[in-house]
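So here's one chain in two forms, each on its own in C-alpha cells, numbered structure 1 and structure 2.
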Structure 1
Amino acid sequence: MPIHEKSLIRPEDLKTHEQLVVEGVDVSGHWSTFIQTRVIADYNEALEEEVAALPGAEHIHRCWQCGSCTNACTVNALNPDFNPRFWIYLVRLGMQSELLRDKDIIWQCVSCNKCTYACPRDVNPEGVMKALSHWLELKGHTPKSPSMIFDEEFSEQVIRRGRIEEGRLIQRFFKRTGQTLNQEWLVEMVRRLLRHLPLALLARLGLARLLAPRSRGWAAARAAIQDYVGAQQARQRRALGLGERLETGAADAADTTQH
C-alpha cells in the first residue's frame, strides 16, 4: 500500500497564485502551488538523546524511515495525523516545535505492536511511542494522559499488593479522571451482567471488592520494586535535565498507612 503523507505539508505553508502567467504560460491557481520556504531556528539538539534515555526508545537511532510502522499502524488507520515514522524523524532531527504540534495525540498508541512486527530495523516503535508520551509529560508539554493515569493506578495496586482487583481499579480511575460511573452504556453493561448471575457469585465478587486480593509474602517484593522504580525515575529525570522529585515514594507512604 502506498503511503500518502502529502498531508504533512501544512496548509499555511502552501502558496498559490490566483493569477500568474510565467513566460506566456498560464499557471494560475493549482498550477502555481509552491511550498513556502521555512527557517527553523529552534532545534533541540538533545531531543533524540533525551527520548532514547526513556525505556522503550533505546533503539530509535536504528530507524531508516521506511514507513512500515505507519503503514501497519492501527491508530493511523483511524487518524492519518498519527504517524510514528514522522515523529521518529522529527525526534532524530531535533525538530521539537514540529513534534509539539502533535503532542495531544501521541499517547493514543494502543500498543498493538503491529509496528514492531513490521519494523525491519528492530526499532520497537511501540516503545518509542510510550517513551515519547512520557517525555512530553515529564517536560510539562502535556498534562498526564488518561492512559498514564490508568497505568499509574494499575501499577500502584500491583506493587502494593501483587494483584489487581478490577472493580477497585476502575472506580479509582474514573475518580481521578473526573468521570462519572453513571454513564448509560456502563449501566446497561452492568444490567446485562447481572441478568443471569447467581447470588452466590455476586456475593463472591462483592467480597473481592472488600477483601482486596493480595499475594502472600509480598512485602519483600514490594520493597525491592519500590527501591528500583525510585532509582530509575531519578535517573530518567536527570537524563532529561529535570530536578529530583520523590513523588512515588510519597504516594507509596500514603498507601501503606491506608492499608
Structure 2
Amino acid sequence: MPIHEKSLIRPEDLKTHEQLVVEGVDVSGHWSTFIQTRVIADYNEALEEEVAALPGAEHIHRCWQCGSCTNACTVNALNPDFNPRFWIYLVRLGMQSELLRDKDIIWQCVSCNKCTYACPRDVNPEGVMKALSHWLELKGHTPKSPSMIFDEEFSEQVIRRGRIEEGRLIQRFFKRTGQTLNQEWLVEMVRRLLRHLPLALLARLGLARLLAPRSRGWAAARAAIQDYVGAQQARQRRALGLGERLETGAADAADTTQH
C-alpha cells in the first residue's frame, strides 16, 4: 500500500540546505530538498484490530487503497488534509503517532456517504471515520465531541423510557456541552410553536416534559437492550485494552433504570 501523493508529505518533514555542494555540484536551495526519515515513536501493531472492533469499521481490512473514498469526499474538496484513504492506510500499518497528528480533523466527517457509495470493496469508509472518532475519544486522545454527547443522551432516553422527549433531550444536551438555552434559533422555534400549535397539543407536550412517561411494556425490551449494549461495549473495551468498564453514559442509564 504505497503512498505516492506529494500532498501527504508534511511541510515540517521537508529539509533543504541554503548552501550545499555534492561532488562538486551545487545543489543549494530546492535542489537539496530531502524528506526527513520517518521515525515511528509509538507503533501499535493492534491498531487495526482496535479500530475494527468499533461499529462501522468491521471491513477496514478490505481496503486496497484505490483512493475512491478520498476522491468522492465532500470534506476533502474543501480541505485536502482530510484524507480517509490515508488514515485507513495508517491504521492498517499501525502507525498510531502519524494518525494522531490529524486527530483534530478526523471528526469533521459529515456522513454524506459519498465515499461509501464510491468504494468498490464495501469498506464503508464513512463508518470507518466514525469508528476513528470513537477510538480517539475512548483512548483519551480527544475530548468527547458534541455529536457523541448527543448520541449518548439520545440513547439514554431510549433505554430508560422507550421514547424520546425532545425538550428534555435538548436541555440535557445543552447542559452537558456548556450551552445556554437562550439560543436565538431555539427561542424563535419556541415562539413559532406557541403561535401555531393547538393548545391541547402544547398541553400534552408540557405534561410529557414534566412527567417523562415510559412506553408501555418497555421493561423486557429495556433489559434486552441493556444486555446487548453492555456486551458490545465490553467487547469493544477489551479490544482497546480498556477493561470491562462501561461507557459513563450507558452506565448511568443502566443505573437509572434500576430505580
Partner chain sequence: MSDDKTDKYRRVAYYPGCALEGTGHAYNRSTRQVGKALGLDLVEVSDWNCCGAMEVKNIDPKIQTYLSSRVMSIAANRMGMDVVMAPCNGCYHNLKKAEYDLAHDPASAEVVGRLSAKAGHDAYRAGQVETIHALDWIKAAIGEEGLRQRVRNGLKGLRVANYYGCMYTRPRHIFPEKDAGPGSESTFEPHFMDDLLAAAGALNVEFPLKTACCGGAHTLSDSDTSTKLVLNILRAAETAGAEVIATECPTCHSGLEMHQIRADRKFGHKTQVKIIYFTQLLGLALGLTARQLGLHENVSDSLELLAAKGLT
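From a predicted model like this one, the values you see are computed outputs, not experimental measurements. For clarity, a rigid core is taken as the largest C-alpha set superposing within 1.5 Å between two forms. One-based numbering along structure 1's sequence throughout.
* Of the two forms shown alone, the one predicted together with its partner chain -> Answer is structure 1, the other one does not fit.
* Asked: 2 Å or more on the CA of L186 between structures 1 and 2, with the rigid core superposed, yes or no?
  -> Yes, L186 moves 2 Å or more.
* **Cα displacement of M148 between structures 1 and 2 reaching 2 Å, rigid core superposed** => Superposed on the core, M148 moves its C-alpha less than 2 Å between structures 1 and 2.
* **Displaced residue check between structures 1 and 2: R237, CA, 2 Å or over, core reference** => Moves: no, less than 2 Å.
* For V21, tell me the Cα shift between structures 1 and 2 once the rigid core is superposed, in Å to one decimal. => The alpha-carbon displacement, core-superposed, is 5.2 Å.
* Asked: Hey, core superposed, how many Å does A220 shift at the CA between structures 1 and 2?
  -> Its alpha carbon moves by 2.5 Å.
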